[in-house]
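The chain below stands alone, shown as C-alpha cells; this is the form predicted on its own.
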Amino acid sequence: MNGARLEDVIARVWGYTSLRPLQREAMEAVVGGRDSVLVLPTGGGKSLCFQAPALVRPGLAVVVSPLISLMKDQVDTLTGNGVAAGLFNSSLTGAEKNAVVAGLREGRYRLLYVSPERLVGEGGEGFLSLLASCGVSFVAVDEAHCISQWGHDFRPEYRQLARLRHFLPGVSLHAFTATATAQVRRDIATQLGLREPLELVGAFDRPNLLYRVLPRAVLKRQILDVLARHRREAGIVYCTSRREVDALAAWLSSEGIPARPYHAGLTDSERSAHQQAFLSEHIDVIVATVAFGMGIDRSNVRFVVHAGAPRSVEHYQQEAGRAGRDGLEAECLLIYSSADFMRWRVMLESSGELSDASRTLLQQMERYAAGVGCRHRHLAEYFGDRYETTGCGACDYCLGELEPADTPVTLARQILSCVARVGQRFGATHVASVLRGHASDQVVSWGHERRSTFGLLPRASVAELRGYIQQLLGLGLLRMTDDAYSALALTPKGLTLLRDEHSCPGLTLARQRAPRRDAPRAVSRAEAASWDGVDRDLFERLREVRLGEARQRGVPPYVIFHDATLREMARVRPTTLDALLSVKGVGARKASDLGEAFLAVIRTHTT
C-alpha cells in the first residue's frame, strides 16, 4: 500500500512517473522506519528519497543540512509544489524563528530543514525537546560524510548529532551523501548510532558528463574555447587561490562575459549577492575557489572548468559533479600542470596536513590527469565500481580527441634520456627545446646543443612535448625536485625503463589531436540523445517564459522547471493541461499555477 501511495505522491507533486536506481529502496527504508545510509552521486535524486516519504508517513520529517542556501532552495521548490515545508537556521530573524516555532507547535509542517548548529549549539537541547513533542516521523541527515573524520569535508558539529538518539529514541535515522568510501560509510553508521542500517550505494558514474583533460598552455585561451562551446549556458570555473579567482573574474568581465568571483575572502554580503546573481540567472559564469558549490542547487550548470588540479579525485568528483544535476549533458574540463601538485604539497606541508594519505591522494589525482584512457572508466573504478561499458562516448579519449603515440616506449625513453643528459637540473620547457633541436640562448649557454638527445624530436611542438612530460610525471617515471628551482628528475621506475625497454608493459602516451577547422564539434552520446526531437527555438522561448515567471515570483528559474522538463515540452509540444501533466517534472500544482503560461507559447509556436 505504501508503495502505491509513494507512486501517487511522486506523480502528483513532482510529476515523475519513474524512479532512478535505488530511489525506491531508499524510500521504502524511510517509510518502513529502518535506519539507512544512501550514497548517490550528485544529481542522482537523493532529496526525493526523503521528501516523498515525508508526505506518506504521518508526522514531521526533520532534515539536517549544513547548507543554508540549499535549505532555502529546497524549501522554495517544495512550497512551489504545494508541500508544507519550513527551515530553521541562523539566517532567520527573531520574528521568523518565532513564526517557525509556532508553526511546529500547530503541526503546520511536513518537512523542517535545520542546521546541525541549531541542534547541537546553544539552546540545542531546548529545540530538540520541542521537536520531540512534534511527532517527528524520521530524521534525514544530508551531506552525512561531514560526520566522518575520514571524509573530505569533516565538520566537528556533525559528530554531536548522535544526541538525536537520546531525544528522539524511537525515530529512524537516515544518512544521505554523494561521496563516501566504505570506511566513511562505516564511520557514519557508528557516529550516528544507526541500528542495523540498510546500506545503499549507487553507481558513481555520471554518463551525462563529458570529461576532458588538457595540459595547461595558454590558460585564458583554453577557458575562452570552453565558453565558446557554451554560449548563454551556466558554468563554474574553479581556481586554487583567491588571487586567481579575482583576476580571472575581472578579465572575463573585461572580455564581455559577465562573471563574479566567489571565495572566503569576500564579505558575507558579497558572497551572498554573487551566489544569488548566479542562481537567479542574472549571470551565468562564476569563478570560485572550492568554497563555492556545496548547497548550489542550480540544476542546469552545463560546464565546470578546473583551472588547476584539485587535491584529490574525491574533490574533483564532487566539484565536477555540480555540472549536469538535471541529468542533461555537461562538460567537465580539467586544465592542469605538474606545478599544481607541487603547489598543493607546499600548501599542505605549511598547514601541517601533508601526510602519507594526502600524498597518495595527490598522486592519484595526478594519475587521473595524466592518464590516457577512458575517463569514465578511470573514475568509476577509482571509487570501486566495475565499468562494463566499452567506449563511454563521453570523454576526450573515447571521442578520439587524443592521438596515441605509435611507439610510446621509445618516445618515453627519448624524453627520459634527455632529462638525464641535461643533468636533471632543468624544467619541461628547456627539455622540450633540446628535444626539438631549438638552440635557444639557454640551451647554447649550457652546451646542450652538443648532447646526443638534441633534435631527437624535431617535429614535435612544445605543447606536445610538455604534454608527454606531464604524462610521464603522472606515470611516476619522472618527478619534480623539491628545491627552489624545481627541475625534472628520473624516478627509480624511470631509470629502470631507460635500462630495460620491457619494464613498463602497456605504457601509453598520447597527444591532443588537432581538430580540423571544418570539423563539427564533438558531441557526447548524452547530448545527442537529450536533444533528439527537441525544437530548439521553442526550448529557448520556454526558457524566456520560465525566467519571467521566476522573476515575478522571486525564485531561481530552476525552481519553476528544470531544463530537462522544458526540453521535454519542446519535444512533445503539449497543447492541453492534461497533455502537459504527462511531461516529466510537471506536477498537478505547477500545471495549475504555471501551465497556461507555457501552453500559450507552445500553441503559438506550433500554429
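Residue indices: 1-based, along the sequence shown. All of these numbers come straight from a predicted model, not from anything done at the bench.
Same protein, other form: the form predicted together with a small molecule, not shown, and the subject of what follows.
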Closest heavy atom of Gly45 to the small molecule in the model of the complex, within 4.5 Å or not?
-> yes
Hey, in the model of the complex, does His562 get a heavy atom within 4.5 angstroms of the small molecule?
-> yes
Applying a 4.5 Å heavy atom distance criterion, does Leu19 contact the small molecule in the model of the complex?
-> yes
Is Pro41 close enough to the small molecule in the model of the complex to count, meaning some heavy atom within 4.5 Å?
-> yes
Among Arg325, Arg413, Arg216, Arg212, just one has a heavy atom within 4.5 Å of the small molecule in the model of the complex, namely Arg325
Could you tell me which stretch in 574-582, 59-67, 45-53, 545-553 has residues with non-hydrogen atoms within 4.5 Å of the small molecule in the model of the complex?
-> 45-53
